[in-house]
Ligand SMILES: Cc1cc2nc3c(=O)[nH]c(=O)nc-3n(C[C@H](O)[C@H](O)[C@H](O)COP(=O)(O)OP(=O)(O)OC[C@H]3O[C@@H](n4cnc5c(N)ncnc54)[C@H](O)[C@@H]3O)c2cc1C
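First, one chain by itself in structure tokens, the form predicted alone.
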Amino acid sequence: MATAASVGSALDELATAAGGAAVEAGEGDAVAGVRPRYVATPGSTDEAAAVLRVAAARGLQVVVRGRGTALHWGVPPRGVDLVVGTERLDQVVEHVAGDLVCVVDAGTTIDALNAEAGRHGQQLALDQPVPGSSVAGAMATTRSGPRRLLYGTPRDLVLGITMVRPDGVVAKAGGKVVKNVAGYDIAKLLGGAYGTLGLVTRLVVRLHPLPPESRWMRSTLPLPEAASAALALTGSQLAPSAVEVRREAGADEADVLVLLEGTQRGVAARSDAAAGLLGQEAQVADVATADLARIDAEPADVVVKVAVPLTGVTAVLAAARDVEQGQQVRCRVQGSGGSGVLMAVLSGESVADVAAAVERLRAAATGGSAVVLQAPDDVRAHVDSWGPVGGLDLMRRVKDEFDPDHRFAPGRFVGGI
């Protein structure tokens, strides 16, 4: 780690490497409550590589920051000397509309990318649980929303990357087409790794056409019936773009929403079939996909990402109701009943009750996982944020290959990686 005596010279070196864009960190630069010494914001891959060479030479612990929208997610780092921000890496480099491919800098926001793609009737079909996200930030935390059912997650939409290893060496993987790869699939390794393996500076992403017509339909059903309806819609011939389940705190019922996209005629025909699966209460819903994707949580709330097989959605909804009866906790659930990825938002005054509620949700996630994305420090002290995770030995070996000194986001990832 950096020492107090080296502050001035280290900052000078970082500023030179980053084209002058390096400063001493302030309170607003803290990462999950841990304040760094410096912040550098390189404006190119070459500058990013130079910054990381300085960090490597000085043994600085590094955390990468995108737009900062989910910097509080994940476990606080054991230490951080340098935050490397990607906000100056914000260009749409190339849009190959004929191939439905776009090359963007890592700090480019999803909104900016879609503004460019939309001029050609295309989109990066990636919903934002936290508005204002950068493309690379969404990839690092595997953030997605309702349309993950049809289009996939960030890891599925990234075709190629340029990254800088912790030692400052630039590496590239993938390209502008979908193809088989040998060895590490680097993009998928970096997806969801919370910046523990390196700094992504550029991405090649896959786009999709904007549908001419889209329609949400909704029905409110008792919890078991809601889960069954979501499963039926997902397995139907309707090819839905999203199937969402939303249970408000204290409710014995849930909304089931299905998104149909395509031609005007096709959507109208499939709407009638969807209504048959949703029941008598089915109706067209005047909702926006962006609003359904958003996670509304206060700083004191605990947000748990629960991922289960489709048949496990019933158990998760039941567990959300049960924790309200067993503990003094309120539990709201929203997410994809079609892909089994749900967000549970817990609130309560007792740390012990909230911690117990997390464990009950985890127990209900048979064959899946329940990861604490956001929580106050006192709750994190009582709960393993990641829970049981398979393949931990392999993950540690991958970390050793990419970051043998364990300087990148130390402790942020599962198992203290």
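Numbering starts at 1 and runs along the sequence shown. Note that this is a predicted model, so its numbers are computed, not measured.
There is also a form predicted in complex with the ligand; it is not shown, and the following applies to it.
Novice: Is Ala136 a contact residue for the ligand in the model of the complex, using a 4.5 Å heavy atom cut-off?
Specialist: Taking the distances in the model of the complex, the answer for Ala136 is yes, it comes within 4.5 Å of the ligand.
Novice: Check Ala50 for me: does it contact the ligand in the model of the complex (non-hydrogen atoms, 4.5 angstroms)?
Specialist: It does not: once the ligand is placed as it appears in the model of the complex, Ala50 has no heavy atom within 4.5 Å of it.
Novice: How about Ala140 - does it come within 4.5 Å of the ligand in the model of the complex, if we only consider non-hydrogen atoms?
Specialist: Flag for Ala140 set to yes.
Novice: Using 4.5 Å between non-hydrogen atoms, is Ala254 touching the ligand in the model of the complex?
Specialist: Residue-level check for Ala254: no, no contact with the ligand.
Novice: So the ligand isn't shown here. In the model of the complex, which residue out of Ser219, Ser339, Thr86, Ser241 has a non-hydrogen atom within 4.5 Å of it?
Specialist: Looking at the other structure, the residue within range turns out to be Thr86.
Novice: Looking at Pro77, Pro129, Gly191, Gly335, which is the one with a non-hydrogen atom within 4.5 Å of the ligand in the model of the complex?
Specialist: Partner contact (heavy atom, 4.5 Å) among the options: Pro129.
Novice: Choose from 354 to 362, 61 to 69, 38 to 46, 22 to 30 the stretch whose residues reach within 4.5 Å of the ligand in the model of the complex, heavy atoms counted.
Specialist: Result of the contact check: 61 to 69.
Novice: Enumerate the residues of 191 to 215 that have a non-hydrogen atom within 4.5 Å of the ligand in the model of the complex, in sequence order, or give none.
Specialist: In sequence order, Tyr194, Gly195, Gly198, Leu199, Val200 come within 4.5 Å of the partner.
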